[in-house]
Each structure stands twice: as C-alpha cells, then as structure tokens.
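This document opens with one chain alone, in structure tokens, the form predicted on its own.
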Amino acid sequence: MDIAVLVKQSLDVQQLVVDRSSGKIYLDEAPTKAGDIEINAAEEAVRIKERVGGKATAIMLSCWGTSGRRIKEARESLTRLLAMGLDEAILLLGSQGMDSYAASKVIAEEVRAGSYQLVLAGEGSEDNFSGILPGRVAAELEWPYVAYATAIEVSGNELKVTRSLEDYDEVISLRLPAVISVTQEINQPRIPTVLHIMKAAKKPIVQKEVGSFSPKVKVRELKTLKVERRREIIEGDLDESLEKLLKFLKSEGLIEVRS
C-alpha cells in the first residue's frame, strides 16, 4: 500500500515572540517544525507499512516562500520523519498567504500524481489547528474522509477505523482509497536511533515549486488576545486570608460551599 502523510510546515508556537503592548506576533522570527499530531500520522503510516508492505511518503507544503532558512527548517523536519521509517519526502514550495482552499488544491494535485491508496494527516496543524485541510483534500480527490481516528486496521482494500467523538467511540469500515486524520491518542511515535538518522540523510527529499491558486480567504492581521486580570489582593493573616478568599470565590460563583 502506498501511503501519503500530509505535513504542514508550522510555526513552533512555543517560540513565538509577542509584543505584549501592541499584541503583534513576530511570525518571521519564529522557527518552524512538523506538528506533533502529524508525527503521529507519520508513525501510523510506518506501522501500516510494516504490517502490509508498501511505501510511505511525507508530503509537506511550505507556505513561507523560498528563503534558505525556511527551506532548511522544512528539510530538517522531513529528515526526522524519514528517520522514523518513511521512505521518501516531497517538499512543495507554495506561496505565502495560501489558505486551506489553495493548499488543498496543491496537495490533491500531488496525491493524484502518485499511486497512493491512503492519505493520513493530523487532526489539526501545530499553529492554527483549523482541522480543515484533510477534509478539503478528500473533497478534491473525491475520496471518503474519516476524522479523529484513534485506531486503523487494514484488511486488503478494507479499513476498520475507530474514531473518537466527544462522548463515545465509533467504529466504521470503508474501502480504499481514503483520507484519514488521526489524533495523538492513536500511537506513541518512535524515537529514531542515531543509525536511523544517519540513514535518513540518504533518503530522497524531492523539492518542487507548485502552481499558484488564488486564495479565497486572506488573513489581514494577527494579534494576541488581551487578558485583563482583576488583580484582587487579599490581605490579612493566614486564617483571615483563607476566609476572605473563600468568600470571594463563592461570591464569584466559582465554588459552592455545602454543609
């Protein structure tokens, strides 16, 4: 089975720099990475490949232009996925400002050019977690789509997928080809050994500039949310302070005191 794993070159949100006074987010200064849930998708692709054979390919769409730094970061992320056991990687260089509509067009075009039967993705990306893209790609391909998968079993051309919904798990079956987005609960990604990392450096990463599709939606501005704190100060000795704190929390409806 040939499997494509969709990987977004996401901002590392843990390293974002924010101007607290203006709310401005300095996107260009933040490094990028493959998202954690997309790493779960890559791990699942390797596990399926190990069970049923075939090939697993990472497809990363980079929308950060063609600067050397961003391409270097993308290739480093892909090399990590290759070290986990993926066979090859494709780096698609898109234009800045691509929305999920344009991105799905580009990715679906790349999937059609291959011989994939299964496309795996994370349930959401690391930086905006919209969760839209896998469904859009499936719509472009006219393939069935299953979201929030926590287990995937393959039997010939049949898939048995367990998906986690809010209050219950649902087990469904479908035929290939298909697009499936996974959650972090589906597996524990392996940590590549030094030997695997060295071998990954020799695996192919095909780099392509992709066609331009006009976005339907343009992001005009990004700002952080301002959270105003009450700055309530409770003074007194320990017993007095605790009594005041409990009284305050009760008055705010945050706790309920039962006799």
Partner chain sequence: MRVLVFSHYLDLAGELISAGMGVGEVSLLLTSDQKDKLAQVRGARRAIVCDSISSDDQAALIDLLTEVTRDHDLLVLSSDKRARELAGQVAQMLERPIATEVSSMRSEEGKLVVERMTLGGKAIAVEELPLPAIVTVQKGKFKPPEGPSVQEVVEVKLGGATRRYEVVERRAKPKLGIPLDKAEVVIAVGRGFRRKEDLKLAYELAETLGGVVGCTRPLAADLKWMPEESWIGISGVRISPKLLLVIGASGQQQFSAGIMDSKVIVAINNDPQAPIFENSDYGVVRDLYEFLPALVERLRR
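We call the rigid core whatever largest set of C-alpha positions still superposes within 1.5 Å between the two forms. Positions refer to the first chain, counted from 1. The structure presented is a predicted model; accordingly, all values stated were derived computationally and were not measured.
Unshown form predicted together with the partner chain; subsequent notes refer to it.
In the predicted complex, Asp127 approaches the partner chain with a heavy atom inside 4.5 Å. In the predicted complex, the partner chain stays beyond 4.5 Å of every heavy atom belonging to Gln207. Contact annotation: Ala113 falls outside 4.5 Å of the partner chain in the predicted complex, judged by heavy atom distances. The closest heavy atom approach of Gln14 to the partner chain in the predicted complex falls within 4.5 Å. Screening Glu109, Glu153, Glu185, Glu76 for any heavy atom within 4.5 Å of the partner chain in the predicted complex leaves a single hit, Glu185. Contact annotation: the partner chain lies within 4.5 Å of heavy atoms from the stretch 97 to 105 in the predicted complex, the single such stretch among 67 to 75, 80 to 88, 113 to 121, 97 to 105. Scanning 235 to 254 for heavy atoms within 4.5 Å of the partner chain in the predicted complex gives Gly236, Asp237, Leu238, Ser241, Leu242, Glu243, Leu245, Leu246, Phe248, Leu249, Glu252, Leu254 in sequence order. Once both forms are overlaid on the rigid core, the distance between the two CA positions of Asp12 between this form and the one not shown is under 2 angstroms. Lys202 shows a C-alpha shift below 2 Å between this form and the one not shown [criterion: core-superposed Cα displacement of 2 Å]. Comparing the forms between this form and the one not shown, the C-alpha position of Leu27 differs by less than 2 angstroms, with the core used for superposition.
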